[in-house]
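What follows is a pair of forms of the same protein chain, given separately as structure tokens and numbered structure 1 and structure 2.
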Structure 1
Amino acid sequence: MNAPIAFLGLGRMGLPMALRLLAAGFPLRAWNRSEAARTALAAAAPADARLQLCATADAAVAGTGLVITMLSDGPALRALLFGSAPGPGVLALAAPQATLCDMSSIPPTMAREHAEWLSAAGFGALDAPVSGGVVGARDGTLAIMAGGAPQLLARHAAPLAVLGRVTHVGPAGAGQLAKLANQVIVGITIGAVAEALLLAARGGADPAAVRAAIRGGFAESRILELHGARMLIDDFVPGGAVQTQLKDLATALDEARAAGLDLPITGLLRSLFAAARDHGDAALDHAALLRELARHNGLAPDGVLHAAG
């Protein structure tokens, strides 16, 4: 029988990930700040003897050899695991040489600090953020970008393989950096598709037909497929929200600056997503950048791809 895993954070992503681990036979000690999510997990895995719901993170971590975290952001993770001071934090309650595998998306700088603190206390650390959304979490098809020692990653390969496709991308913090690289591409590509469809529509072509025509060529992308379709029908229910995209681009630019880099395109997209937020679209799907480009041109943002001519 597998050793129990502590699983902290049962939100939109964490809940389906926890369910996959349970279904694959891994005993879980699961915790979430709100009781509602704990109840949701219990309801989704009724009478599963491998599931132990815990009222505190301390209780979930106690004695385990692997602590998986899936929290909303860096400050939430740090507050929960480490409180206000450097050190092993909650991991001090885990088994000797236990590993933190943080699958949240947090700044690489924070991930590197956590790895240092844990290493100094004899614990291991992996930063392993994911891409693929709720569908990927449910189906076990997440892209998992892992930073940290390769031996550590190998030791915990089995549970991670249940969650998705794992790629080792470098030392501590590199997983978070890969996630930022991913978000840079996503944010800019949304801008590319939005400008292209706006040009097509306002120039007198049928934007839906243009999208169909260019699918499968050099312009093909998941963003053209998914977010392009959203733009055509004004479907901006998230998905990934404008405010999350904005946060990720800001973190990417922070990290770039620390590495001595200016990234002009990422910088421009950060400004455009910030304008979208300022104009009230923070909670919409990031495909709503199209609406900001409409406003930028003095056009009404609703149905801009249909109002041309």
Structure 2
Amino acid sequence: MNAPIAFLGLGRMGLPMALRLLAAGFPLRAWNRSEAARTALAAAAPADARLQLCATADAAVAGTGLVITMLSDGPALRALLFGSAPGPGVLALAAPQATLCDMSSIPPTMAREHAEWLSAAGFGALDAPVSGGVVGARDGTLAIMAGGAPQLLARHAAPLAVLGRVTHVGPAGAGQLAKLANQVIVGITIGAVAEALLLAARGGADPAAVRAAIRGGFAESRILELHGARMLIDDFVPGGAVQTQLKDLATALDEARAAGLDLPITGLLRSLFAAARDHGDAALDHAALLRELARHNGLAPDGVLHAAG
């Protein structure tokens, strides 16, 4: 645990992940574009000698053997690490044979390109996106879907195990494909739960009681458990935001087209999330799809499960 880990990206997910690594004894060099996020990490880990806050990504990466990234999207990651040209980018400053472990959600094609560029320069790459939201990041229960060489994943198993349950799903890019599969299921299930609760409420049933009645049967899911509860009380403080869900569904459709597939249900969900974004809900939790379904039916989006009936 003596060698520091470079951790780049201290947003809603990155901050609690960095805190878990610190609590487990891993020294960190942490960077975020905004000083406010760096300040928030310092406030959450006061006087921790294992934490070094860096004003630049270059300073965080210099001499390290593992670089973990948790950024908003593929373009942000590429601009930060690689600039405009293929090659090792800022990892050229890292220790020999260092590894990039990208835990952001980016297109699989981009993950494969990054792995090729880094391999050619003598570095390793893992694409290891996550599912589980802010709660999973805080509790260390994230589902981590890892693509890349198995031996490379084994080398960095200890810090990743602090963050959640790691599953190797295939070569470079496979982690991102698994995350897209996850997001397709999440998005479609959010839509199903929202429509079901709206149907129950407008038909005159108590939507909370309906949710309780069907839990434990074939309709049970984490979405029904967590997001269904949020829909009942209009709690749309973001864990996973509408805009992030929309980005991932769009990427999934791009990948499907490249594979010669048509995913009509995913396409419909993408259009609904796009409408939610266009109506001003981009920063709300993706459970706020309920609000868009209310609008679609000519209903006011606020308190729709309370007012319906």
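This is a predicted model, so every value here is computed, not measured. Residues are numbered by position in structure 1's sequence, first residue being 1. We call the rigid core the largest set of C-alpha positions that still match within 1.5 Å between the two forms.
> Between 1 and 2, where do we have the form predicted in complex with a further copy of the same chain?
Replying inline: Of the two, structure 1 is the form predicted in complex with a further copy of the same chain.
> Any idea how many degrees the smaller rigid part twists against the larger between structures 1 and 2?
Replying inline: Rotation between the two rigid parts between structures 1 and 2 amounts to 10 degrees.
> How many Å does the Cα of H286 travel between structures 1 and 2 when the structures are matched on their rigid core?
Replying inline: Looking at the C-alpha of H286 between structures 1 and 2, the offset is 2.4 Å.
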